[in-house]
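So this first bit is one chain, no partners, the form predicted on its own, shown in structure tokens.
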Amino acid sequence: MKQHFSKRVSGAKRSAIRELLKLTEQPDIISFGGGLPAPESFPHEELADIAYKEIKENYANVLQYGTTEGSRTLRDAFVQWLAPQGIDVKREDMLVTTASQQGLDLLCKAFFDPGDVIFCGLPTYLGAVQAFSLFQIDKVGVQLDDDGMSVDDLEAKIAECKAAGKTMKGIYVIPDFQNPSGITLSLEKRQRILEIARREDLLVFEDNPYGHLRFAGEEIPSMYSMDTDKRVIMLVTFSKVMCAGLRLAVMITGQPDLMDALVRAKQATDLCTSKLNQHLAARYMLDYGLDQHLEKIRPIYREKREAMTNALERYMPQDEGIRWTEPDGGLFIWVWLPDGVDSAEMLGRAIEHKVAYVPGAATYVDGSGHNTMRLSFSSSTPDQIDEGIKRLADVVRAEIAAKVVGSL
């Protein structure tokens, strides 16, 4: 039946992370694969009380269709929450989506034709790579430094695209504790990227799933709050700050024409996002406070991050060129293995040792990154993290030894 497939879906690949999750459902495997938020961070009792009340007393509203733009209650609650963060928005500047992955899909539908260029990090979020690939967008990778996207490399790639006569549309960034690397984009680079976008008339897509999960270091303003000519579109999801199962996010743009394009794209996609889920999130924000919730859950992730970095230091082979990031927030640590070690090839042996991770190459749009891997510390206990890194270090040590023997 493949003759019936569209060219678009024929070229699409399954998510390496989603497929990995199937392999790691066995209870004896310690998985650092999926970026699953810690279940103990979910405000389940409060949401249960809210759900009962909303369905019992407000069923005619919350069980009905809603507007494409989203619930007024939720968008107004979001306006109140963002204001102290220096993000000045109105209700009309927001579009509620079915999680930020739908937001990425809408960005592709609304602003890109096949062959148009988007600039993204090396590495970058795998879900974004999937969305860009499905819409046949030309993904141009830009190197990441320790403080985020290399501005010099971005300038060079823009010059190359200009010389080739390509149509450049946007820059995709995850500025805070980037998925997958955990790297944070510095204030100076945020400013310079905005200047480049202005000069080249590019949109900036600021994906911000983790910015509110900072547990160390100094806060850095969002690119949206720094933008003076309204070319930044920001995505903020509830998946990491409240719970993933609600499948809720908000897209923000101060440009009415950009918002109109996004609304039209969403109307053709799903008409509207679940009104019930929107009211659950809104009532939680209004009755309990999202900032108060964040204060409770940040220490959970800090403890897990420290458990993983300590275990990496304790167990990983020394003097082999192995290094890793130490993020100030978010859910991920990025590991560079010695040249010649392929993390995708190693994964099967890791699973035999009952530990799993995400091979890094899938997150590089230029086909590189084979000696890298992403480790998520978010959904395991500190004891599981310690044991899992110990197992993984044994696999890495054996892999390095095998490469040495093979080269003799």
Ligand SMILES: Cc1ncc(COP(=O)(O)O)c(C=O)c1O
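Since this is a predicted model, take the numbers as computed values, not measurements. Start at 1 with the first residue shown and count on from there.
The form predicted together with this ligand is left out here; the points below concern that form.
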| item | value |
| --- | --- |
| The single option of M223, L104, M251, L185 touching this ligand in the model of the complex, heavy atom within 4.5 Å | L104 |
| In the model of the complex, the residue from W334, F78, Y172, Y301 that sits within 4.5 Å of this ligand by heavy atoms | Y172 |
| Contact test, all of A99, Y210 and S239, partner this ligand in the model of the complex, heavy atom 4.5 Å | yes |
| 4.5 angstroms heavy atom contact with this ligand in the model of the complex for N179 | yes |
| Exercise: F205 in contact with this ligand in the model of the complex, heavy atom 4.5 Å | no |
| R247 within 4.5 Å of this ligand in the model of the complex, heavy atoms | yes |
| Location of this ligand contact in the model of the complex, chosen stretch of 225-233, 87-95, 310-318, 239-247 [non-hydrogen atom, 4.5 Å] | 239-247 |
